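The chain below stands alone and is given as structure tokens, in the form predicted alone.
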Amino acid sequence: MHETDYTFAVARIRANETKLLSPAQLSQLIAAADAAEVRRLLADRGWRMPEAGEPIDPAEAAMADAWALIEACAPDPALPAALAVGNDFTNLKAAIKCVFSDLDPAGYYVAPALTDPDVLTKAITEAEFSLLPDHLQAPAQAAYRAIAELHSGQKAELILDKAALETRTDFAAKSGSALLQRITALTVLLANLKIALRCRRMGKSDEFALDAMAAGDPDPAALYAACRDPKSAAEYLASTPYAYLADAAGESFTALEKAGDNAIVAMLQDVKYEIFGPDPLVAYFYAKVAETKNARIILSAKAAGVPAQSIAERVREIYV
């Protein structure tokens, strides 16, 4: 597909970028008196807010709307598929946990996703994995068996988390977006780094840790060998293209996650003025990811009575 095929799609995305929260509006949310005022301010910006009794998550609804826009205007369906495929695994995890707990998984599914929730529920309830799309069949069967035969929820979760990362990598490669491939590579690194540090701290075997880590760059074995503790992880990262994560890695997982989120927003700025190709669509989607993450942080902090200054320290950078 030629990059000029995205010209119309990029024009639609640029028009919608004007609806993203500005720094001033983000500051307004942080300074709001309470969660009710935050919800009112978001509604003024076009966010869908639940009526009394409605099970609507405003942040999830905003992400579903962003994906629907991209799905409607992207000339290549491989791009929206690559953006949504991660939620297939989130929903698969919910389905398996709920089936083994005698719960209805319908209330735990998130959007956007590629696989019909009803199909997912039927496949897991009846253990008919052939009903699932190719990218879910083997992970679903392996995770199901981990619980049914090994009685290990942890094993099932590790199987699905690893499969999700590797599937996202495969889908990103097919999307035609260099930006999405960079974001996905960073996501895999962050996940592998946290696994390595957690396993070291908990005294897990090398085999356990390496089996849980997804294929990526840096090589998982090299990453694991270098990351004996947060300090050594920071020293290792300082010598890689991910040096910007080094300080956060030596501090805490919370700091590392925030640094990763901010790094993704910095990547989005690199394509802000591009008018061809799929990258502007990816940038808009991840701008919404950052925006909804900030909205969730602010809403939960306001509900807990956290001071505005502390909230400001927690929020992520935004795409402007």
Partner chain sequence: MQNLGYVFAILGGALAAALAGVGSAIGVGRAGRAAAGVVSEDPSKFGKVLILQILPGTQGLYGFLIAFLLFVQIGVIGGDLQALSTAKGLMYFGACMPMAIGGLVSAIQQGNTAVAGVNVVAKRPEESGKAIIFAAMVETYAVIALLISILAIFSITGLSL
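Positions refer to the first chain, counted from 1. Being a predicted model, the structure only gives us computed values, none of them experimental.
In what follows, reference is made to the form predicted in complex with its partner chain, a form of this protein that is not presented.
| query | With the partner left out of view, is Phe276 within 4.5 angstroms of its partner chain in the predicted complex by any non-hydrogen atom? | reply | Output for Phe276 is yes: heavy atoms within 4.5 Å of its partner chain.
| request: With heavy atoms only and a cut-off of 4.5 Å, decide whether Ala24 touches its partner chain in the predicted complex. | output: No, no contact at 4.5 Å.
| said: Against its partner chain in the predicted complex, would Asn16 count as a contact residue? Criterion: heavy atoms within 4.5 Å. | reply: Asn16: contacts its partner chain in the predicted complex.
| query | Using heavy atoms and a 4.5 Å limit, would one call Leu69 a contact residue for its partner chain in the predicted complex? | reply | Flag for Leu69 set to yes.
| request: Name the stretch: of 289-297, 43-51, 267-275, 26-34, exactly one has residues whose heavy atoms fall within 4.5 Å of its partner chain in the predicted complex. | output: Selected range: 267-275.
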